[in-house]
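This document starts with one chain, in the form predicted alone, laid out as structure tokens.
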């Protein structure tokens, strides 16, 4: 008997009470069988979308052309999809025609992997498993339903999903299923970047994302989606510091970064992305700055938000910071400003630790503790670290210099902040107003 939530049971009961078949389906059933806590609860039913809509007070038509609506019940969302069989797929994603059916077995036959082609009725405790999904769960393998080439030719994202499930579950991909991925790359190439983005994010949530990325490399998916990452494969690094080539170092650093912090894991994955192009003997000059630009291109291509891109590229560009005890307090204040503020300190330090764990010989990182203490002291003294911390603003500059709003105002404020970073005592309105006049002179 599988333990299912009351809200999901209510939806199943309402559908069945009105004469329809209804089951929990897919990933939630798989996770229950594995003893995991499902994050999503999907329902499949013989009821048509309009019939489902009439049964519940709050329903959103999220994928109505393909038989899917979202039932919102007790502040939770449940995707409810009508049993269907799909005709030929025309664009690597969508079937040319969706045919609704009353046969749950036909519906399960169109699904991607055997471990997802499972349906469960929480009322009768019936578990439908037409394709040996339970057996494959025990064997810990990802296996396509039916013919792998056919499944991957229908939807190009399924190949990436296979790698993601392998990473998430720690499973292996069955040999015929794995072989079919390389044969259907042209279909995956048609997949929208937004869908690839979602799969990459989910892969980064696994305990070891490296499992998924390495399977993508072996099958040709990585060259298709993030060729810049694959370019590090076989690029050797100085053995006194590194036991991995650039590619594996990036993957190991990604694994070492905190699970749940997607921005940090992406920064770790991409932090040495341009070492291959910057290699000069045993040195990789300027790879942090060049890498930040490349990371920005990758993240834009995969449709990450501007906020994510700013955060991640900032971490990549600053990951080579070289703190020593000889830094002045002004240098520490400039460091905080350079990395984008106090909000980035923890992640930058975490990136340095992940980078360190992926090396041959871990370096003593006691200096991070020392630097953190110095940062805490500066924060405690309320030092100005940003233009917004100054005791004057743009209006003060415009009134003092009798100039309109424009680039000159920003230049003056930047110059004032530079002085205050050197000497925090200067952050006094009277003093700053005098400095504004001196700047004009």
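Residue numbers count along the first chain shown, from 1. Computed from a predicted model, the values in this text were never measured in an experiment.
Note that the form predicted together with a small molecule isn't included here; everything after this is about it.
A heavy atom within 4.5 Å of the small molecule in the model of the complex is found for one listed residue only; from 116, 219, 237, 317, this is 116. Put simply, of 120, 165, 335, 284 only one has a heavy atom within 4.5 Å of the small molecule in the model of the complex, and it is 165. In the model of the complex, the small molecule lies within 4.5 Å of some heavy atom of residue 202. Shown alone here, residue 242 lies farther than 4.5 Å from the small molecule in the model of the complex, counting heavy atoms only. Taking the partner from the other structure, the small molecule in the model of the complex has a heavy atom within 4.5 Å of a heavy atom of residue 39. For residue 49, no non-hydrogen atom is located within 4.5 Å of the small molecule in the model of the complex, even though that partner is not displayed. Partner contact region in the model of the complex: 22-30, out of 381-389, 408-416, 22-30, 52-60, criterion any non-hydrogen atom within 4.5 Å of the small molecule.
Using a 4.5 Å heavy atom cutoff, none of 249, 275 and 279 lies near the small molecule in the model of the complex.
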